[in-house]
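Before any questions on how it binds or moves, here is one chain, the form predicted alone, in structure tokens.
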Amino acid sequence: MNSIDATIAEKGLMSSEMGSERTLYPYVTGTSVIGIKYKDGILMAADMGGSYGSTLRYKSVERLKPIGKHSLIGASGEISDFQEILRYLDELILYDNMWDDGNSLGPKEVHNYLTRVMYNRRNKFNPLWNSLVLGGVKNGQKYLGTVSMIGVHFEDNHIATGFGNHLARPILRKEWHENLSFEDGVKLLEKCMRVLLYRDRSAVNKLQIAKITEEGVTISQPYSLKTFWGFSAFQNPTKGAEGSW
């Protein structure tokens, strides 16, 4: 290769590196999202923390969003990738509305779409670094599903992402039931979020709870939970652990 060809190749390499817009590594991330079915629809909870690496830098990141008329989405993972997913969904809903045929996409269709998007990006080795919870109600049918960053997806009566999959799901398996009222559902979600606040270093005590029914989506204003830090395990966490720092 002569010097001219080498210069052209070097410029091409530099421009391709500078022009890369894909997420190579998650920078600003949100932690767990929890979703449950209740008597009248779907409830979903997420805190508002955004971690910059290991630093809780942002305290007002909204990770629960309505999608169309019948769906609600919550996301953990990279915030910028979640914003890209919301852009995809805005285009999908707009395209669906343009048909003006009296029909609209339900939560199952949106969940299937997200599954294809996440799996497609994974196959291109360019994943969207998110775990998504998608819930909704259409024609009296409640729907709750999840999809991971590599396209793994399933439906269930209660779902959690992140540390919630380890810390909140045992509580949900024990206390969730099909005829859960709205008030009891909120209490159950708050119990799970309180446990995550105690045990997940990326969680903050500022959260939102959203519900979706046949009437539409309602997302609460941010609020804080009452906490108690006087447990003996919190006072001396290394007691009985020889060799611990």
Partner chain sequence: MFRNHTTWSPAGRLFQVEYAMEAVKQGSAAIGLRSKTHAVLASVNKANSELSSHQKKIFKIDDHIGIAIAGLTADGRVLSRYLRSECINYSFTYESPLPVGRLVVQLADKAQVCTQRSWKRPYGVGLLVAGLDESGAHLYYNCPSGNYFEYQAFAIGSRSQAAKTYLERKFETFMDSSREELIKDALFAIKETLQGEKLTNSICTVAVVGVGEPFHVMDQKTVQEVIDSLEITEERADQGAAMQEDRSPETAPMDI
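Numbering follows the first chain given and starts at 1. Given the structure is predicted, the values throughout are model-derived calculations rather than measurements.
Below, we refer to the form predicted together with its partner chain, which is not included among the displayed structures.
Proximity of 63, 69 and 90 to its partner chain in the predicted complex is absent: no residue of the three has a non-hydrogen atom within 4.5 angstroms.
Shown alone here, residue 112 lies within 4.5 Å of its partner chain in the predicted complex, counting heavy atoms only. In the predicted complex, its partner chain sits within 4.5 Å of a heavy atom of residue 105. Its partner chain is not shown here, but in the predicted complex it comes within 4.5 Å of a heavy atom of residue 138.
Using a 4.5 angstroms limit between non-hydrogen atoms, residue 116 touches its partner chain in the predicted complex. Residues of 74-103 placing a heavy atom within 4.5 Å of its partner chain in the predicted complex, in sequence order: 92, 96, 99, 101, 103.
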